[in-house]
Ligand code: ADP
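Quick setup: one chain, the form predicted on its own, written in structure tokens, and binding and motion questions come after.
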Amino acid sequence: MRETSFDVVTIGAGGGAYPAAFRLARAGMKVLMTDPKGMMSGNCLAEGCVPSKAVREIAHHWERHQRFSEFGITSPGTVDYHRVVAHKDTVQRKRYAQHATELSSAPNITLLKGEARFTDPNTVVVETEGGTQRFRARHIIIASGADVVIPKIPGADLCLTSRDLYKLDPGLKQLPSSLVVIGGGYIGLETASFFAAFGTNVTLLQRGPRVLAGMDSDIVNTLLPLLHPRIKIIPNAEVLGVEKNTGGLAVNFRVEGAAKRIEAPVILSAVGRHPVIPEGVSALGLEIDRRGIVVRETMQTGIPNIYACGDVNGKLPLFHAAVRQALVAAHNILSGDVPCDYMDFESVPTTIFTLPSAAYVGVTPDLAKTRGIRLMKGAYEFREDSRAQILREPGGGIRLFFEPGSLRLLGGWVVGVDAENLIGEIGQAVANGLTARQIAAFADQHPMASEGISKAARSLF
């Protein structure tokens, strides 16, 4: 088998890989990206954040449309979900074409479709449609992403997953009258919000006592009352299995020992995602924990020339976090695997794109409690906010959390109007160590919800 040499090989071509590839290629390095899909993009575009948010924005506008119908903005009737899906597909195809154009104009980068595996710390073998190819590299970036978890229950194959909903040309193009969602993480709750807005009755089965178990309890408790009344959440539900019946499908589950059953034409399994670990990683002696491949803040694994970026390390499974991780890896590769850049995971914002949305960044009260950290809180309520009043979205608010004494911002959250946009400004303040006085002194625009950030800071004085 002939061996070809590159400066850098990436296993994967998504957000944890291609930003590094472009940066390294501009510096003159020869880069090979390998990916089973053979396209420059990750699961975010294929089945995740981009297509789901294309659906979400239509649902958001539809809800607002209903709220203002009394002013002569009459409802056209029911949602044509087939056209919603067509819009989602158009966005995906447009972005695939955009990525292809970017790649075609980039020097020093080769993209190869195939499944890669390690043979040693500097060598990968790729199984392609045309046969097996072998590559040697001074540096390797593992960015193989994550995949949906299929629950080990009878009838799991009857359920749809997020991939089935959000991939190009999905099978579901008609709005179901009812939907059962198994799993109360962000994917399950977001999807429940979209379908409820479109008119579907949704029942969500949560295994534990509350949804969004990894989020701060104050955020969740603020968000849940604001969700659409067509969403029914059943906590402490142990799903026993899924089966076909005359009306479509049925889920059998148990709550506190009592057997339950619910029927629906569509069942969504959204119980989580797991990292995709390339073959040969374990043989190299790289450490793997329950989240994925263990990395330092330099994005290096236990072998300094091997990096692991994005969902495969499980530290913060978000596209924008993967992009920053890829750039950290690129900078450290350019310095000869000697650390010169570090990933700050705590300044990366996270948004749950429900309707309304909830977003957070940095240290929030539940985390502070586990670390033994004292916080000072600044607060602002959206019931006082002009934009929330204009849009008739008065629920939720802003919370900022400061270090006592220095008043340095450590974290914050937003639930309600424009949360997904406001959290970026708060994240910048966390990343740059701004204080309550500096935030309070900034003249945010009126009448926009962002002015609530400076008002929350001013509540300390």
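Fair warning: this is a prediction, and the values are worked out from it, not measured in the lab. Residues carry their position along the shown sequence, with the first being 1.
This protein has a second form, the form predicted in complex with the named molecule, left out of what is shown; the following refers to that one.
Can you say which of 426-434, 63-71, 392-400, 40-48 gets within 4.5 Å of the named molecule in the predicted complex, counting heavy atoms only? This holds for exactly one stretch, 40-48.
Would you please decide whether V276 lies within 4.5 angstroms of the named molecule in the predicted complex, comparing each non-hydrogen atom pair? Output for V276 is yes: heavy atoms within 4.5 Å of the named molecule.
Interface membership of A21, the named molecule in the predicted complex, 4.5 Å heavy atom rule: No, no contact at 4.5 Å.
I'd like to know if I352 sits close to the named molecule in the predicted complex, meaning any non-hydrogen atom pair within 4.5 angstroms. Flag for I352 set to no.
Considering non-hydrogen atoms and a 4.5 Å limit, does the named molecule approach E263 in the predicted complex? Judged by the heavy-atom cut-off of 4.5 Å, E263 is well away from the named molecule in the predicted complex.
Just give me the single entry in V271, A116, V328, L223 that has a non-hydrogen atom within 4.5 angstroms of the named molecule in the predicted complex. Among V271, A116, V328, L223, a heavy atom within 4.5 Å of the named molecule in the predicted complex occurs only for A116.
Sort through A197, V251, A322, L179 and report the residue having a heavy atom within 4.5 Å of the named molecule in the predicted complex. After the contact test, the surviving option is A322.
Within 4.5 Å of the named molecule in the predicted complex, which residues of 143-179 have a heavy atom? Give them in sequence order, or say none. Counting only heavy atoms within 4.5 Å of the named molecule in the predicted complex, the contacting residues of 143-179 are A143, S144, G145.
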